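Quick heads-up: it's one chain on its own, the form predicted on its own, in structure tokens.
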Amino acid sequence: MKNSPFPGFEATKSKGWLMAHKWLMLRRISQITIFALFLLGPVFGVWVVSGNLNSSLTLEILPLTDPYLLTQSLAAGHMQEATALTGGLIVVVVYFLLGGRTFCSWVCPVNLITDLAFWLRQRLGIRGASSLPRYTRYLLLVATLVLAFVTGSIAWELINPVSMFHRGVIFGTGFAWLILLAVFLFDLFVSRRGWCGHLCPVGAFYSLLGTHSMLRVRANAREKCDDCMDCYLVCPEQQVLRPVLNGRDKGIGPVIVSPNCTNCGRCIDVCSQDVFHFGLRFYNADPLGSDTNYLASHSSGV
């Protein structure tokens, strides 16, 4: 195991800063661009996208509906228009292909806040963390749907940090910023990656959408792993890495099949040995122990 000053130090030396942060920078561009498109209308009167992340219309043609919101609404007994159902179906298909929790790392604006808390936590050397089980988010997901059914309303959306972020920026709602501040402080002082990794029902819902998604992170070159642990240090869902890195002798393939992988690409960025890359979920086996050449010729890298 190497002792590096920070995760990705060796990758930065060998690949250069830009390549060691490529997927991180692309994620930030994606998150900021998507949110900026929603702001163009209210702020500048340019309506490329109207609505918000819950329900929107792009170029007055393409409807998109958050399937989690749609599920809550249906649980509450609300009839839905064909446009909303069509928009929900489009989003479901997209995240079935790309991986459900791709939403968390490439779209969700709250990820900017939780990533900042994680960065500060590392810089300040905060080590303590609560031991919240990761399945808590699924319990909260069920609770939000039961709440919608019992109350006949989408009550969760009143305090959903994802919805709050949009309202806070556009309308300056004080209560919205208090909710977001609570998420930030929770991740900073109470639990490492606590909100996104243990509590957020939105992430739990999208992980279910991505159970069989096509786009995956692959560890095709896992025999080159030098146990530097950098990927573990940056991964928001560390538990998804261990099976593929340590399971070759157990017949576990090189594809990260866990639906909780967010496809953030940070493991790809910080690995100086280029163990990881984006590809498809197919050919998840080690044919006669020579997975690298075989899989490299049959996978679709990005």
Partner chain sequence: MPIKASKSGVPSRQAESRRRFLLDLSRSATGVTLLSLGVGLYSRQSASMPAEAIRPPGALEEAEFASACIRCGLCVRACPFDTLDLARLGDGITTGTPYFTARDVPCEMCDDVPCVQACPSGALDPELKQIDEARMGLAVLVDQENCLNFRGLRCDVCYRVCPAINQAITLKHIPNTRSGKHAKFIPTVHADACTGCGKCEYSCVLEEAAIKVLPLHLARGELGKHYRWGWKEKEAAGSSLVTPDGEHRYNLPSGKTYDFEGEGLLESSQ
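Quick caveat, the model's predicted, so the values are computed rather than measured. Numbering follows the first chain given and starts at 1.
Not pictured, yet referred to below: the form predicted in complex with the partner chain.
Look at 184 to 192, 103 to 111, 210 to 218, 82 to 90: in the model of the complex, residues with non-hydrogen atoms within 4.5 angstroms of the partner chain sit in 82 to 90. Residue-level contacts in the model of the complex: of 94, 126, 229, 139, one residue has a heavy atom within 4.5 Å of the partner chain, and it is 139. This chain is displayed alone, yet in the model of the complex one of 30, 273, 52, 238 has a heavy atom within 4.5 Å of the partner chain; that residue is 52. Candidate site formed by 73, 159 and 170: every one of these residues places a non-hydrogen atom within 4.5 angstroms of the partner chain in the model of the complex. In the model of the complex, the partner chain lies farther than 4.5 Å from every heavy atom of residue 224. Contact annotation: residue 135 falls within 4.5 Å of the partner chain in the model of the complex, judged by heavy atom distances. At the 4.5 Å threshold, heavy atoms of residue 42 reach the partner chain in the model of the complex. Using a 4.5 angstroms threshold between heavy atoms, residue 56 counts as touching the partner chain in the model of the complex.
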